[in-house]
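Shown next as C-alpha cells: one chain only, the form predicted on its own.
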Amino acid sequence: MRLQSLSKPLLLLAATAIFSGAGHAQEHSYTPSDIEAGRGLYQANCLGCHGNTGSEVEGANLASGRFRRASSDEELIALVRTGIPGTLMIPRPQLSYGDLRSIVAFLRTMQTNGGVAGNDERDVAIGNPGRGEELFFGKAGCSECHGVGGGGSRLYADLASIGGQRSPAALEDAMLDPQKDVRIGQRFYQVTDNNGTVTQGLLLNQDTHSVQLLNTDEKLQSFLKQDLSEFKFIPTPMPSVLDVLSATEVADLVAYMISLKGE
C-alpha cells in the first residue's frame, strides 16, 4: 500500500514533465506561412527601429533568440502588444493575436532566415545606380507611385530604405514579377457592396465585422461586412518592367534601389 501511494505522485510528476516538455518543444513550431506573414508585419511595425537584422537597438539583438523581458512565446506576444513604457517600443493594440504570433514566429527564425531581406542571395546583374535613378524618375515610371523619402502615392511603399530591407535578387523579382511576393502591408483589396458598387484600395485592416481601405483616391473608407456582397484580395496594380526596360536597364534600376539605405 505504501509503494502504491508513492507511485501515484511520481507518475503524475513524470506525466507533467512529459507534457510540459512536449509543449515547450511545440512552442517554436511554425509554418512557412507564419514566418512569411511575420516578416511583412515586422517590416511594417518593427523595422524602423530594429533594422533588417534586428540588431539596430543597443542591447536588443532580436535575432539572438534571447530577450531580457520575455522568455516564452506568450510573453513575447504580450510584450509586443503592450510595448515598453518610457521607450520607443510603443503598444500595438491594433495587431490581432494571429499577427502577434506571426511576428514572434519571424523573430524566432530570424537568425537563420536572413532578416527582412531573406536568404535569397542568388547572383543578379547590378548596373549603374546613377542611370538607375534616372530610370526610376523617368522611363520606368516608378516615382509615379513610389516615393523616396517623400513624393509618390500613399497607396504604395516609400522606398527610401528599401536597399536595407530587400536583397538584390528580391528587388529584381519585384520588378520583373510584382505578383510573386506581395508583402503583408502592401496587399490590395476589393469590396462590393450590396448595391453593386465596387471599391478598391490598399488594405489597412480587417476584422470579423469590418474592412478598412485606403481607396484609389487616397481616402480612408470603412465598410461593415454585413453590407458587402463580396470582399477579396486582388492582384497588385504594379506592372512588370519586362516590356519597358532592357536587361541592362533592369540592372541599373537594381543598383539604384540597393543604394537606398535611408541614411
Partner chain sequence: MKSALKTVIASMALLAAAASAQNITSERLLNTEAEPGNWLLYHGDYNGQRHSDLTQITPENVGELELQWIWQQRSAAGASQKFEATPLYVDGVLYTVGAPNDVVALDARTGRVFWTWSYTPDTEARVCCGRVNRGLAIHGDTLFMGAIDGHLMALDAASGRLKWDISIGDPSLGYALTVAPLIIDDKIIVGPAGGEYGIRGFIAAYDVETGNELWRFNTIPGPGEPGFETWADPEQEAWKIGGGSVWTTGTYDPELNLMYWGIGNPGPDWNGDSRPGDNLYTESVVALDPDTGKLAWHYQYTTHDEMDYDSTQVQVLADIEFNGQPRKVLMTANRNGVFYVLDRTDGEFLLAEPFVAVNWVDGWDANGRPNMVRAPSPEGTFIMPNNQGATNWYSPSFSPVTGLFYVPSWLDTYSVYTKSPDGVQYIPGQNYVGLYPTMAMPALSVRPVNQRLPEEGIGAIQAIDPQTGNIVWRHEMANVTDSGVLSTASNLVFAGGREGYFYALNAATGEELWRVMLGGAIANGPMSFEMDGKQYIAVAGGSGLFVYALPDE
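Residue numbers count along the first chain shown, from 1. By rigid core we mean the largest C-alpha set that fits within 1.5 Å across both forms. Nothing here was measured: the structure is a model prediction, and the numbers come from that model.
Beyond what is shown, the protein has a form predicted together with the partner chain; the following relates to that form.
Q: A63, L47, L228, A70: which sits within 4.5 Å of the partner chain in the predicted bound form by any heavy atom?
A: Only one listed residue qualifies here, and that residue is L47.
Q: So in the predicted bound form, are G147, S167 and I258 all sitting within 4.5 Å of the partner chain, heavy atoms only?
A: Looking in the predicted bound form, the three residues G147, S167 and I258 all stay beyond 4.5 Å of the partner chain (heavy atoms).
Q: Out of 124-132, 147-155, 101-109, 81-89, where are the residues with a heavy atom within 4.5 Å of the partner chain in the predicted bound form?
A: Careful reading of the contacts points to 81-89.
Q: Is E56 close to the partner chain in the predicted bound form, meaning a heavy atom pair under 4.5 Å apart or at it?
A: Looking in the predicted bound form, residue contacts with the partner chain include E56, since a heavy atom lies within 4.5 Å.
Q: Does K139 reach the partner chain in the predicted bound form if we count a contact as any heavy atom within 4.5 Å?
A: Outside the cut-off, so no.
Q: Is there a non-hydrogen atom of Q94 within 4.5 angstroms of a non-hydrogen atom of the partner chain in the predicted bound form?
A: Because a heavy atom of Q94 falls inside 4.5 Å of the partner chain in the predicted bound form, the answer is yes.
Q: With a 4.5 Å heavy atom cut-off, would you call T199 a contact of the partner chain in the predicted bound form?
A: Outside the cut-off, so no.
Q: Rigid core fitted, is the C-alpha displacement of L203 between the shown form and the other one 2 Å or more?
A: For L203, whose C-alpha is compared between the shown form and the other one after core superposition, the shift is less than 2 Å.
Q: Determine, after fitting the two forms on their core, whether N45 shows a C-alpha shift of 2 Å or more between the shown form and the other one.
A: For N45, whose C-alpha is compared between the shown form and the other one after core superposition, the shift is 2 Å or more.
Q: Can a Cα shift of no less than 2 Å be assigned to R69 between the shown form and the other one, given superposition on the rigid core?
A: Yes, its C-alpha moves 2 Å or more.
Q: Quick one: A37 and C142 C-alpha atoms, closer or farther in the predicted bound form compared with this form (3 angstroms or more)?
A: Result: farther.
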